[in-house]
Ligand SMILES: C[S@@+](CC[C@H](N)C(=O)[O-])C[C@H]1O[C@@H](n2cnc3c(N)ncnc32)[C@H](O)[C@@H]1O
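Below you will find one chain, with nothing else, as structure tokens; this is the form predicted on its own, and questions on how it binds or moves follow later.
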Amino acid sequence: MADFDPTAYGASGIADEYDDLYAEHWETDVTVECLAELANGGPVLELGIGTGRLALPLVERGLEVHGVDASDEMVSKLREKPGGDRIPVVVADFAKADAGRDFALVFLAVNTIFALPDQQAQVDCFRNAARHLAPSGRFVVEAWVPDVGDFRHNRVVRPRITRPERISIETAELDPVEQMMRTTQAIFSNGSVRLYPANHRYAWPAELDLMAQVANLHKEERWADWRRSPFTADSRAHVSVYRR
């Protein structure tokens, strides 16, 4: 995709309110517990480390954590937090960046794999994760399961956040040929309106499994969430664990 800019999401201004916008949608403690168990004491690399929601609590558990992120703005928010300046972060495209060593665990949380612009970039990301894994290391991907049934004529408008002081509405448009979903979230609060556009190259779990095979990784587990609930036909998201 010629117009892809890996820095665009953070540069949109969302870094300033990212944590506050989505805090109620996350089960951070449960996620950190699961990641720590998967790392088994070894070093961890987060692709798309962002503001450090997961990295900082992992460090508090005594794990060595490194990160990669394309957005200077998001990483700046991480640096402002206690301990954030001690986490090594490479600011670059996480499908290609070199973090400089091997890790017991590499992971991508909250649909970050879909921020990459096309299938080739996602395959490159799997290969890059595999290159960073120590023998028997794990690569973990958290993502939603595409549900095109929500769309009419490839478009949908839906509420995202409903609070007394803030609401947001998201418009989404699908390109089924390229498996692209282009969204704009409009946030209304304190008499202001802010627009945050984003692109998502979505993929079904089976396609991600094939990407893993191309990178010489095999699927070890798939759960519906970080609580390790069984993945079923009704699951709307998945946590997939691949192993070198």
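Start at 1 with the first residue shown and count on from there. Being a predicted model, the structure only gives us computed values, none of them experimental.
The same protein also has a form predicted together with the named molecule, omitted here; what follows describes it.
K.L.:
Consider Val59 of the chain shown here, and say whether it contacts the named molecule in the predicted complex, taking contact as heavy atoms within 4.5 Å.
P.N.:
No, no contact at 4.5 Å.
K.L.:
With the partner left out of view, is Arg53 within 4.5 angstroms of the named molecule in the predicted complex by any non-hydrogen atom?
P.N.:
Residue-level check for Arg53: yes, a contact with the named molecule.
K.L.:
Using a 4.5 angstroms cut-off on non-hydrogen atoms, would Phe231 count as touching the named molecule in the predicted complex?
P.N.:
Contact with the named molecule, no.
K.L.:
Quick one: is Val44 in contact with the named molecule in the predicted complex, heavy atoms, 4.5 Å cut-off?
P.N.:
It does not: once the named molecule is placed as it appears in the predicted complex, Val44 has no heavy atom within 4.5 Å of it.
K.L.:
Taking the named molecule in the predicted complex as the reference, which of Thr112, Gln122, Asn128, Ser168 has a non-hydrogen atom within 4.5 Å?
P.N.:
Comparing distances to the named molecule in the predicted complex, the residue within 4.5 Å is Thr112.
K.L.:
Select, from the options 146-154, 168-176, 132-140, 89-97, the stretch whose residues sit within 4.5 angstroms of the named molecule in the predicted complex by heavy atom distance.
P.N.:
That would be 89-97.
K.L.:
Just give me the residues of 131-170, first to last, that have a heavy atom within 4.5 Å of the named molecule in the predicted complex.
P.N.:
Stretch hits: zero.
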